[in-house]
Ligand SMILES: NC(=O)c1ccc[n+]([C@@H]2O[C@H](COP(=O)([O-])OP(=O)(O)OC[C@H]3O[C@@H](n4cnc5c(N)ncnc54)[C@H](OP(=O)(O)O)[C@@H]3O)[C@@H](O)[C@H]2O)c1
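Below, in structure tokens: the form predicted alone, a single chain.
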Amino acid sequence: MRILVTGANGQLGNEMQVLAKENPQHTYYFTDVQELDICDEQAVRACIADNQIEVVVNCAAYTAVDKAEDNEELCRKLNEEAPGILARAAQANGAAMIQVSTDYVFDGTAHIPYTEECETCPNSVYGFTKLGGEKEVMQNCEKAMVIRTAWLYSIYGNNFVKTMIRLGRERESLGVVFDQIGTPTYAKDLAVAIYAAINRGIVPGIYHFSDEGVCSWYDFTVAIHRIAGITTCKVSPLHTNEYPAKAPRPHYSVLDKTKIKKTFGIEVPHWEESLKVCIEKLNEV
């Protein structure tokens, strides 16, 4: 397959590049904004047509959740308009598309894991624009897959794991929210799932993917410090209202992964197992 991966310099894009070495049967075109502006419809159409792309994997997004509240136009351009451009270009060339989305399409008021059939109800600019992107992709490309994920981290880029390790080494104490529940997702595990979908044959539709298990941000931080061997920083639980943020966060955003596991035969590791793998790799860097 001839595969275009956008947002190649991000957390997921980098993991896709690493795993490409384990999937040498495909031809890859890894791009970021320097190589391809996904907001430029003409450039996108030319890239997909000229390279005879068969699968588009869109890893590009505006992900600064709080900044998005003040940058709605840019956020909409990257998260909604650009996926539509990619989807139309994919459709015009008979290509399939995988769009990566987020748990923020839900408001987080549920108490049981969200399935793909649950009603969406975003309550932030980021969530609204990502939901808009999902709709653009599903409406404009017949062979489209949307994969919603949550709490993404990796050895690449800026993320919660790296921040908590840095703060744990710098500070004697740290307060972390305990009343927001979800599942951390190692970006490499998501990349593995994407390759499984490509290799088994893309089945259009919406899917959920995160690692297994459930925790709060507080629990996640305690585990990060334990695995990283940080013993000098006391981590205390905070209520959400004690840690004000511009954009509201879902209080509960656990995703039900039954559909993606059954459809593509994927085995998903527990979040703590993957966290150990990631921190071991960070220690090697």
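Start at 1 with the first residue shown and count on from there. Just so we're clear, the structure is a prediction, and the values are computed from it rather than from any experiment.
Omitted from view is the form predicted in complex with the named molecule, to which the following refers.
Site residues 170, 274 and 277 are none of them in contact with the named molecule in the predicted bound form, judged by any heavy atom within 4.5 Å.
When contacts are judged by a 4.5 Å heavy atom cut-off, residue 180 does not count as touching the named molecule in the predicted bound form. The named molecule is not shown here, but in the predicted bound form it comes within 4.5 Å of a heavy atom of residue 61. Under a 4.5 angstroms non-hydrogen atom cutoff, the named molecule in the predicted bound form lacks residue 124 among its neighbouring residues. Taking non-hydrogen atoms only, residue 90 never approaches the named molecule to within 4.5 angstroms in the predicted bound form. Just one of 247, 39, 233, 222 comes within 4.5 Å of the named molecule in the predicted bound form, counting any heavy atom, and that one is 39.
For the options 202, 152, 141, 161, the residue carrying a heavy atom within 4.5 angstroms of the named molecule in the predicted bound form is 152. From the list 235-243, 256-264, 29-37, 47-55, the contact stretch for the named molecule in the predicted bound form under a 4.5 Å heavy atom rule is 29-37.
Shown without its partner, the chain has 100, 101, 102, 103 in segment 81-110 as residues with a non-hydrogen atom within 4.5 angstroms of the named molecule in the predicted bound form.
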